[in-house]
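What follows is a single chain, given as structure tokens, in the form predicted alone.
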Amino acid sequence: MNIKKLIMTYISAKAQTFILPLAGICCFLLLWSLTASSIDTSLGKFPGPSAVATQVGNLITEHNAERVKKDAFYLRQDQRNQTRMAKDPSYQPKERTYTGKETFIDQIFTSLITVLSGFLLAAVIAIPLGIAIGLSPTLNSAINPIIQIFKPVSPLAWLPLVTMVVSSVYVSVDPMFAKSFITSLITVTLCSLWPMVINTSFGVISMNQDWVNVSQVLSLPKLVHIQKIVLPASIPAIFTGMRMSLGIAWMVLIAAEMLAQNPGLGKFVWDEFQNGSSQSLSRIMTAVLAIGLIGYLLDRSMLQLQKMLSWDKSSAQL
């Protein structure tokens, strides 16, 4: 009887983990295929799963072909420089950067680098600020109105201002980073700040008072108190804010890349929309699925990091 119960428990657990999600995905694909076949647009039928699968193969092929062109470009450049140096040993070789078209996969990595850079910059600012606000009622009273005013503002409303400021301030003959990257990074940072600040301060304020009392009895120095008491107690709330911020940052980045025409997945979607070819819809749908899948993987990665660092494993289940 116990063995039967164990088997049923095992089957139920596997169903929750694999079977039910797989069934949900299959139902979604079926509904998507049936719906797509009944929608006509100015560019043809709305793309179904098969059209998207075809475009995935095409985009990978385009990426590989572009890599071959890039390798051939640098090979020709090296051969040309070696030939010139053989004739004239005093010749200074000229190294030029390949300026070919960014592929879909290149733009995925561009967007990932941008969103992670902006997110990490926001974390460096927001987490210490949230801890300070949580520990100081006076600072909380002073800064809370500012947070409440700017929290509802869409980061895209900041985009024109950020673009103008970066264009006027970030002036260099040989810049380390492209202006488009700085603009997108600042926009992502602005949208990532508030959830992390609010959740971090809430985690600090909501600490178990017994832990605070132990710290006071032991007369722990301020930094040790933060390191040993405040941070461990606040990690679940901090990671909740980080997960929210990363999800928002990813959504905002795609929109910012579309509006500002900065390199990345957002620009890929806009370019395909402007292109208006027979394959544009399926390529846009491929990008939409890629954006969703990457957003899911970013969230799962943050969840796994939370499980590794948090003492409260029950807070890292969703």
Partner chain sequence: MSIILDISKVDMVFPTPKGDFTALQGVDLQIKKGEFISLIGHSGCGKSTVLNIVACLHKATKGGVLLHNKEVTEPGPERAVVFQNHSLLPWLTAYQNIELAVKQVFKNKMSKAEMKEWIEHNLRLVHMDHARDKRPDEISGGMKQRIGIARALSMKPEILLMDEPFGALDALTRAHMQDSLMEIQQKLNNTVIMITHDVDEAVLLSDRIVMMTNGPAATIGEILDVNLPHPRNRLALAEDMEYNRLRSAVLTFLYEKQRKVEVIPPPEASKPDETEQVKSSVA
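Numbering follows the first chain given and starts at 1. Computed from a predicted structure; not experimentally measured.
Another form exists, predicted in complex with the partner chain; not displayed. Remarks below refer to it.
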item	value
Partner-contacting position among L75, I113, L161, V214 - heavy atom within 4.5 Å of the partner chain in the predicted complex	V214
Contact residue in the predicted complex, from I229, A123, L135, I108 (heavy atom within 4.5 Å of the partner chain)	I229
Listed range touching the partner chain, judged in the predicted complex by heavy atoms within 4.5 Å, from 142-150, 91-99, 231-239, 77-85	231-239
4.5 Å heavy atom contact, S168 to the partner chain in the predicted complex	no
Proximity of P175 to the partner chain in the predicted complex, heavy atoms at 4.5 Å	no
4.5 angstroms heavy atom contact with the partner chain in the predicted complex for P128	no
Close approach of A157 to the partner chain in the predicted complex, 4.5 Å, heavy atom	no
Any residue of 218-232 that, in the predicted complex, places a heavy atom within 4.5 Å of the partner chain	L218, S219, L220, P221, K228, I229, P232
